[in-house]
Ligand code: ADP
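One chain comes next, on its own, written out as structure tokens in the form predicted alone.
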Amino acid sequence: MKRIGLLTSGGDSPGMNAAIRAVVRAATFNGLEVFGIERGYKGLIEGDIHPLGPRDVSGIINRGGTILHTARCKEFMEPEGRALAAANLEKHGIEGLVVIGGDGSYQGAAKLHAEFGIRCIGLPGTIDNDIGGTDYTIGFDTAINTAMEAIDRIRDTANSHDRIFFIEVMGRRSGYVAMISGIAGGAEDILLPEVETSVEMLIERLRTGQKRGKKSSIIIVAEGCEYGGAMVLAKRVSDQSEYKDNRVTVIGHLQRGGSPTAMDRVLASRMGVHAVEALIAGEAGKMVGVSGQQLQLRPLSDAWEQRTRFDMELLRVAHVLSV
């Protein structure tokens, strides 16, 4: 193997640049050329491919987002699009591909491998931490710390005004960000896509807290909760109870941006080196994951077939601590 390609796809996450840097420098260390592919599979189809050297990735380990940019690509979902993508890889002499992204990005890599024999290795880049085959994804730690900081700031004003605040965090299918940031932020309740939600039960918890002397409360809501987010839930609580004077804050895309934490930088760096070494060793159709602090290679299909699930004991802990 002499040349490898590198792309980022799907939603961006803090630490993607650290992973790009690691792949480029590990490849250079091992005598390989690296080609960066702009805008994910869209750039691969359009041939937007250029060399990347170790100086091109200087000073990016601390930057959020991705210097290769990212995009969603409907054309790649069609056989003709994938054939064009494979032809562009062949045109540039690229023999292996590192794909940084979520399960949708992995499914694209799996099809390239299955249909055209392209050796692909995936790196898990998503703030949701909802990919099977790994305990943690690149960007998750930064996202929960960003959410926690926002919760801390909102609690100050909630305490000042004796109000209930509903804070919406990202997580359409996974409540991982909501759960961890909620516990870290001392939330009174946490609403998740994975758990059936009862407005009546939430109201009863608020009343119980009030009887115990609580004058303000923080409710964390994953955007994918069954009520459709914090706005809808806050209105339901207002309509069905005496808690009319509540407020809603949607943290939104703030969780995706910003400088990655030390944990995300180190995780991305380790995974990037491991991906390059896996390609050199002849591996293909695999993803790099971490389990118990140890890196491992797993089939790409684990990403969507074995979704990461948090320990539901965490929800019980959150309720215990909300007294």
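Residue positions are given as counts along the sequence shown, with the first one as 1. Note that this is a predicted model, so its numbers are computed, not measured.
There is another form of the same protein, the form predicted together with adenosine-5'-diphosphate; it is not shown, and what comes next is about it.
In terms of contact with adenosine-5'-diphosphate in the model of the complex, the residue from C73, I118, I218, L233 that brings a heavy atom within 4.5 Å is C73. With the partner omitted from this view, the residue of M77, A150, V195, L84 that lies near adenosine-5'-diphosphate in the model of the complex is M77 [heavy atom within 4.5 Å].
Judged by heavy atoms within 4.5 Å of adenosine-5'-diphosphate in the model of the complex, the contact stretch among the candidates 7-15, 295-303, 20-28, 311-319 is 7-15.
Across the proposed site, G102, G108 and R172 without exception bring a heavy atom within 4.5 Å of adenosine-5'-diphosphate in the model of the complex. Although adenosine-5'-diphosphate is not shown here, in the model of the complex the stretch 26-45 places heavy atoms of just one residue, Y41, within 4.5 Å of it.
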